[in-house]
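Single chain ahead, by itself, as structure tokens, in the form predicted on its own.
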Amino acid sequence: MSRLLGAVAFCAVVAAAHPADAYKIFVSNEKGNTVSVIDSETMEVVDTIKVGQRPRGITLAAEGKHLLVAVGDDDTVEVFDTDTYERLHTLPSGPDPELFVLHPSGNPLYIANEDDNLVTVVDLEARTVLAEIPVGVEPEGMGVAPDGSVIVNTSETTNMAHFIDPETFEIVANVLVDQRPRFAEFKPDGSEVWVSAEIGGTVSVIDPKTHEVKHKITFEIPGLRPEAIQPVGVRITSDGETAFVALGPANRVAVIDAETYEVQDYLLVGQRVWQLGFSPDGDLLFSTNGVSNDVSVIDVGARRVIDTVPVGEFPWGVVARPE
């Protein structure tokens, strides 16, 4: 199928399923030092933003008006206007920022500093550091409870999820998980936090009140060695019923019943799938595929891949903004 026919088919599928407002999808390209801007109506890259060195973590702030990009090799977070793509300013991030999470109130920002074993807390309005929180070795994943009552950081080498009080900036619990935890994602009701372990090959489901691992999810894909199945990005639907887990070099996204923890399907996407992000309405899921330099578009309801969008070099993070 030609690219033109593929785009027409994609639009027909989406239009038939539900009317959707146009929006932008921003993709950080780790080796290209760019952010690709995808138009949701055509599912094609319409702009490319030049950013600093090694962009990874990416999120929206100021009610979607600002795009935040963690540029690890420049030791800063760059802030862009989501309409003009102008770089507005930078934020003090600490060394080698990788992933970050915004408090549900819109401020502050919690940043994992991989090289210095810190979580840096930054006030977005004052552009100042509020705290530096010592955590385990090689911190990466950041998660925040929906009500903002607890922050979670994962440390890759210490193999722990650190639960942090956002008021005192103190660690209140350290939970041992499997090897090389990468990501922390809360359920929408705040009842659980899911922590992926890249080398361990599992997702630990943790009760944020008792700090106990209540379940471990494992993965088996026929024809693939266990070591090729490496869970990284995790996203859970707004109703809390379905979870999606990016499985790295397995080139699959796992579909999981978030209530029974049963793996229901594996969706074949691009090569070395890393992070995931929902469309504003939650009907689509986007996966960044680092080695194939593209983004897969997944229909959440139908649980199938409906399009592939070429982007920049080594896509890493993804976030969507309504127009």
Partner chain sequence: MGHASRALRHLTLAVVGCAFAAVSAVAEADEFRIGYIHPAERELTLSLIDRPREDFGTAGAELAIADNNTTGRFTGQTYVLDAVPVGEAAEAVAAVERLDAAGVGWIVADLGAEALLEVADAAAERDMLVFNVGAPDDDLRLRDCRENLVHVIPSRAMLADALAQYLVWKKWPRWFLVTGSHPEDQAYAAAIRRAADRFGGRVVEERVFADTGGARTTDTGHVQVQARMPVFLQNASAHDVVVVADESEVFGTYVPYHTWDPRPIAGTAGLEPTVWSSAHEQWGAVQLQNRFLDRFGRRMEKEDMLAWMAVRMVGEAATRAGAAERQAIADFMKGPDFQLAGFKGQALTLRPWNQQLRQPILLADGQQVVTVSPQEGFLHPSSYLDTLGHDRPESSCSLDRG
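Treat the numbers as computed from the prediction; the structure is a model and nothing was measured. Numbering follows the first chain given and starts at 1.
Omitted here: the form predicted together with the partner chain. The next part is about that form.
Residues with any non-hydrogen atom within 4.5 angstroms of the partner chain in the predicted bound form fall in just one of 99-107, 239-247, 225-233, 143-151: 225-233. Between the partner chain and the residues Glu192, Asp75, Asp123, Asp165, the one pair within 4.5 Å by heavy atoms in the predicted bound form involves Asp75.
This chain is displayed alone, yet in the predicted bound form one of Val79, Val71, Leu118, Val205 has a heavy atom within 4.5 Å of the partner chain; that residue is Leu118. The partner chain is not drawn, but in the predicted bound form it has a heavy atom within 4.5 Å of Ile171. Interface residue remark: Ile199 is counted as part of the site for the partner chain in the predicted bound form, having a heavy atom within 4.5 Å. A residue is said to contact a partner when one of its heavy atoms sits within 4.5 Å of a partner heavy atom; Met160 meets this definition for the partner chain in the predicted bound form. Though the partner is left out of this view, Lys187 does not reach within 4.5 Å of the partner chain in the predicted bound form, counting heavy atoms only.
In the predicted bound form, Ile171, Asn174, Leu176, Val177, Asp178, Gln179, Arg180, Ile199, Gly200 are the residues of 171-210 with at least one heavy atom within 4.5 Å of the partner chain, listed from first to last.
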